[in-house]
Ligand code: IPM
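First, one chain by itself in structure tokens, the form predicted alone.
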Amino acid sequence: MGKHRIGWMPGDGVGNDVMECARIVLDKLGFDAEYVHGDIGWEFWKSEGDALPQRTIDMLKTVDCALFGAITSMPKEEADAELNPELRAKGYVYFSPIVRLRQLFNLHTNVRPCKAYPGNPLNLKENIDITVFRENTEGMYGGVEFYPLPLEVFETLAKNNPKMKRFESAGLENIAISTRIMTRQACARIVNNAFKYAQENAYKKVTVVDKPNVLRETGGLMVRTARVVAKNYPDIELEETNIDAQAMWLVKNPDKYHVMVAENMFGDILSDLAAQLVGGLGFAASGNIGDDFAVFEPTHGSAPKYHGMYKVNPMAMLLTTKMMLDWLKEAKMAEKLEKAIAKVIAEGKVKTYDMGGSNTSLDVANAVAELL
């Protein structure tokens, strides 16, 4: 039995390819771990009506943390059509397994570092170093939705807010509602985690991003709560920006931002934008972190057309692996891995197609491993 027990969930498509790359560097590092496979992804949705089987949930309760590859996801109608014929019309509803994991295990803090490594031809600027803190369990991704709109929900909303009545003429059968539910506790937690990170890493500013001038209640709650939390960190500036303006400023002056914090959907958008500034999703790592459990994943999709071709850039997964090592307090291994990644990028001899090269994912992983 290894020192660490790791849930191992390749998922769909190229998730399998990049997880193989992660294993190459972990083995070369001498990482002492037992890897426990977990079934997750589209094949299990199609064959079982559940992309996150209960057996995988039970397994995750026995491990220290988990490493996850990638997931395929589709809208409701397309997902229903992909079910095996014998499972259709039996009440199965697709729900993103990674969103379920975040909620089931209360993985409240999504951390997405976006760093420009010298030598990467895809960097917008060389000195970009941004970490986005995204609230991970509430907001627009909370999963409380209605279609068609039930009469009792409409009546309750209309009773409490007359603005709802103007939609009635469309017919309840034509109305869809997605809620944005946010709590003061979750807002305070994610903002505090962002400030704590800034304090530990000597950053002097935290930027909270929302849209309180339009989303007055939810956005207002986030901003008001951030102001209260900021009082505990008098040496760190709190900056408040609107999501639309922030997207523009982030492209214009990415080097002026280091720690950003937002609710679920806005954080998702911001972190993908920040990732593109340093080379795209092929360099975008993330950690879904709770109080005593975490799931680490690259932020790219499953790209099923490339499955088994070892075509995609594995750096996102290797940087995600580095995050996992840090969380497990394997700091020396994490530092060694990041230095090796940085050197391979700087030398520019081994690179995948997105960087203008012709090497495979495995070539890149092996190049990093050789430096370990």
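Throughout, we count residues from 1 along the sequence that is shown. All of these numbers come straight from a predicted model, not from anything done at the bench.
One more form of this protein, predicted in complex with this ligand, exists but is not displayed; see below.
Residue contact with this ligand in the predicted bound form: E263 places no heavy atom within 4.5 Å of it.
None of the heavy atoms of A158 is located within 4.5 Å of this ligand in the predicted bound form. Taking the partner from elsewhere, V99 is found to have a heavy atom lying within 4.5 Å of this ligand in the predicted bound form.
Proximity of Y203 to this ligand in the predicted bound form falls outside the 4.5 Å heavy atom cutoff.
This chain is displayed without this ligand, yet in the predicted bound form the stretch 291-299 from 207-215, 164-172, 249-257, 291-299 comes within 4.5 Å of it by heavy atoms. With respect to this ligand in the predicted bound form, the three residues T131, F195 and E240 uniformly fall beyond 4.5 angstroms at the level of their nearest heavy atom. Scanning Y92, Y233, F105, Y141 against this ligand in the predicted bound form with a 4.5 Å heavy atom cut-off leaves one residue, Y141. The single residue of 53-83 lying near this ligand in the predicted bound form is S73, the criterion being any heavy atom within 4.5 Å.
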